[in-house]
Structure formats: structure tokens, C-alpha cells
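Before any questions on how it binds or moves, here is one chain, the form predicted on its own, in C-alpha cells.
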Amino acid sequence: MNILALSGSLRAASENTRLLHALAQVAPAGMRVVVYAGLGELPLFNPDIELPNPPAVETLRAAINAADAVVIASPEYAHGVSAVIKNALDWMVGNESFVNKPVALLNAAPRATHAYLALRETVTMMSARVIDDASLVLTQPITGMTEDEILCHPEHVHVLSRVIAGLRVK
């Protein structure tokens, strides 16, 4: 099973990106989690340049289409999802890459409920199939933790393992 992981943050020290890398580490044999690194290359969504799609958009679309499932982790800014993830999703609205695609939403910050709900609304509108058992919120913050420290924290490993288990039975 191939899982594409999208982080809604471009920060080098992103908690969401570290969490997705930790998710990749708990994936069992036969399951591959790839953290997508190209969201920062996407131009701002503009329907005037949608056809043909810019190369960065085509690359993202191909990665989503090739994945068996998608995991999205996004920070919350001003009670909404980050512009990075919203832009990426806006580029995918005009195609069928998310139609019936199993999607898990992973929230690295327990206080980021507005972004989580907005993200859920967006991908649901795009006809993605949100997997509730794999869509989870960390109850303990990971601020300042390295990927290895996340993996040494039993509660975090438990949450990440539940994401993986939920996607396996999708």
C-alpha cells in the first residue's frame, strides 16, 4: 500500500512535517508512506493557467493518483488551513484525483480544531473518502520534538499506529 503524506507547512522545523515523517517510520512492511516535498513549488491557483496544468501541479496530481491513500497534516492559521494546503487542494478541485480517495487527516496540535474541520469540509466536498478511524488529533503537543523524540513517546506512536491501522482497513 502506498500512502502519500501532505504537510500544510513549508517551515523547515514544521511539526506537521516531522509528524508525517514519524508516520512513515511506524508503517509496517508492505506499506510505504512518502512525504511529498513539492507543495512549495505550486504556483498560486489561477484557473487561467489551469489547462494545461503547470508542471508542479501535474507532478502533485500524478502523486495523488498513484497513491492508495492520502494523509494530510496542516497547521491552523487564523482559524483556517494554511494557504499552502489550500492552494494544493484548489489545484486538485478541477480533476478527479481525490474522488473516492481514502484520506486521513492528522492534526499535530490539539488546539487546531478550526483548520481540522475546514480541511475535512474541503476534502469531503472534493469527494474524498475521509477515513474516520485514521483521522486523529494528537492530544499532547509535539512542539520542539524531533522525529526520534516523537517516536519515543508512547502516546504519539499509538496515534500514528492508529492512523496506519485505519488506512489498512480502508
Ligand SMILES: Cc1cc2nc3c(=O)[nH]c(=O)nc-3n(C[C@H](O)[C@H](O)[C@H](O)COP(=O)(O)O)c2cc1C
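None of these values were measured; they are calculated from a predicted model. Numbering starts at 1 and runs along the sequence shown.
The same protein also has a form predicted in complex with the ligand, omitted here; what follows describes it.
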Heavy atoms within 4.5 Å of the ligand in the model of the complex: which stretch in 124-132, 46-54, 28-36, 109-117 meets that?
109-117
At 4.5 Å between heavy atoms, is residue 158 in contact with the ligand in the model of the complex?
no
Enumerate the residues of 71-98 that have a non-hydrogen atom within 4.5 Å of the ligand in the model of the complex, in sequence order, or give none.
75, 76, 77, 78, 79
